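Only one chain is given next, in C-alpha cells, and it is the form predicted alone.
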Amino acid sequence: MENTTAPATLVTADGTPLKASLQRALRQRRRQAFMLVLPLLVFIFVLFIMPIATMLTRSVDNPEVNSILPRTVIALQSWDETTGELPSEEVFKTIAAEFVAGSQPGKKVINKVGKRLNYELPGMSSLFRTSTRKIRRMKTGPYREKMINIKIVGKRWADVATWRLLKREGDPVTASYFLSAMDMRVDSKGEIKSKPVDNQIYKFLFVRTFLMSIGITFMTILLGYPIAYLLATLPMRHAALLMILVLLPFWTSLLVRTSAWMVLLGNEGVINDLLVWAGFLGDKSRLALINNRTGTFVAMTHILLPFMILPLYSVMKTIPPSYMRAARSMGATQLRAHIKVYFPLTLTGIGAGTLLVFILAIGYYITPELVGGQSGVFISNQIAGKFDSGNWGLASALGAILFVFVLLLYAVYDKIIGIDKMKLG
C-alpha cells in the first residue's frame, strides 16, 4: 500500500515556514544592498544624468519669443509669408503693445527676444533696443507706418525676413541651435543652407578636435606601450619605483602641469634656451612651441599618458611569462614571439586605453586654452565660450553633438572588442 502522506513542511524555530523565512531574509539583504548604493545613485543622478538631460533640453528649448511675445506669435500664424508682403496693421499693433508691456520698469524682458533673434540674424538686438524707446512714445496708430519709419532701424521692420524669423522662432522647440552647430542656417526664404565657407567655424573645430585627439591617442600608445611592458616584466622593486614615476603627475594639479609646460615651451622657455645655449638655434630663430597645435599636442600627450599606461599594465601583468618562453622554445625570435604571441594578448588593454584617452582628449579644455593659442584650441573651448557669452542653446547643441559621438564610439568599441573586456588598471 502506497504512503500518500504529504511531506512535512520545514519550519524555523519560531514556527515560520523555512521558505518564507529565506525569502524574507533575501528581501532584507536586497534592501540593505540598495541602501548602501543609494548615495552613489543619487550622486550619479544629480551630477551626471541631470546635467546631461538639461544640456539636451537646452539644445532645443526656445522659450524667449513664445513667452515674451505670445500674442504676436499667435497673430503671425495667420500671416502668409509666401506672398512677400508685410503683416497686417493688427500684427504691428499687437507687437507694439507687447513691446510696451515687456519694457516696463522692473521687467524689461523685451531685449531678451532681441538677443535671442540676434543669434539667427545679426542686427536684431539693436533693432529691439532702439525700437523699444520709439514704440513707447507711440500713443496711437498707424503702428505699421510709424515702425517702418523709425530712423536707422525702421528698414528692418519693412523687411519680410524679420517677420519670417519672428514667426519661425515663435515655436517653443527649435532646431536652430543644431543647425548653427553644423554651420548651417535658415535663409530669408526659410530654406536650410550651409553658411559661407569663411563663416564656417564649428565643422573645422570638430575635425581639428578629432584629428588631434587621434594623434594624441596614437602617441600615448607609442610611448605608453614600452613603459607598461617594463612595469609588467621588471622585478618588483624596480617596477614599484617606475610605477611611482608614472603616478606622480596625478599628485600634481592639472593647472600646475599645464603651467609647467608653458614655462618649458615658451619662446623664452627652458627648451628654447637650451637649444640656443647648445648652438642648435640662433637667438632670433627660436622655435614656436606654444600657442599653437604643437603646444597642445605635447602637453596633452604628457598629461594623458598615464591613462594609457595603466590599462596596458593591467593586461600585461596577467600574461604568463611562460607563453613567451614557449614561443622561443619553438624557434621564434624575441621580436617574432612578441608580435605573434604577446602583442595580440594586449589588444584589450590597447582598446581600453585608446577609448579612455580619446574620450578625455576630445573634451579637454584647460590645456588647449592655455597652450593652444588660436590654432590649437578644441571644440570644448568654443563650447565654454558660448556658455560664457550666454548662448546656452548653441553651447548645449555643440555639447550634445560631442556627447552623441562619444556614445557612438563607445558602441563601436563594445561591438568590436566588448565592453566587458575593458580593464583600466
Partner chain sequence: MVGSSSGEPMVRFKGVQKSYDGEILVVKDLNLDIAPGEFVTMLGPSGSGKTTCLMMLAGFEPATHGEIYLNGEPINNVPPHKRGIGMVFQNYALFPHMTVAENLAFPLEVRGMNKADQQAKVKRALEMVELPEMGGRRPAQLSGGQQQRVAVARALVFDPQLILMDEPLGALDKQLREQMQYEIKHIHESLGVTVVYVTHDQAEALTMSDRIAVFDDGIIQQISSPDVLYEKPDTSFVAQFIGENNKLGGTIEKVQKDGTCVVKLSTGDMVKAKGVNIGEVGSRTTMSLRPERVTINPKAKSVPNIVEGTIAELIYLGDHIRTRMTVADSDEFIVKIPNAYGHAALKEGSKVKVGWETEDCRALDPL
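Computed from a prediction, not measured in an experiment: that's the story for all the values here. Positions refer to the first chain, counted from 1.
What comes next is about the form predicted in complex with its partner chain, which does not appear here.
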Answer key, its partner chain contact in the predicted bound form at 4.5 Å (heavy atoms) among V341, V153, L230, V100: the residue is V341
Assert contact residue (its partner chain, in the predicted bound form, non-hydrogen atom within 4.5 Å, options V270, L222, M330, V197) equals M330
Among 341 to 349, 213 to 221, 142 to 150, 107 to 115, the stretch whose residues bring a heavy atom within 4.5 Å of its partner chain in the predicted bound form is 341 to 349
Is K193 close to its partner chain in the predicted bound form, meaning a heavy atom pair under 4.5 Å apart or at it?
no
Looking in the predicted bound form, any heavy atom of P320 within 4.5 Å of its partner chain?
yes
With a cut-off of 4.5 Å between heavy atoms, is R325 one of the residues that contacts its partner chain in the predicted bound form? yes
Exercise. Could you tell me if R133 has a non-hydrogen atom within 4.5 Å of its partner chain in the predicted bound form?
Worked result: no
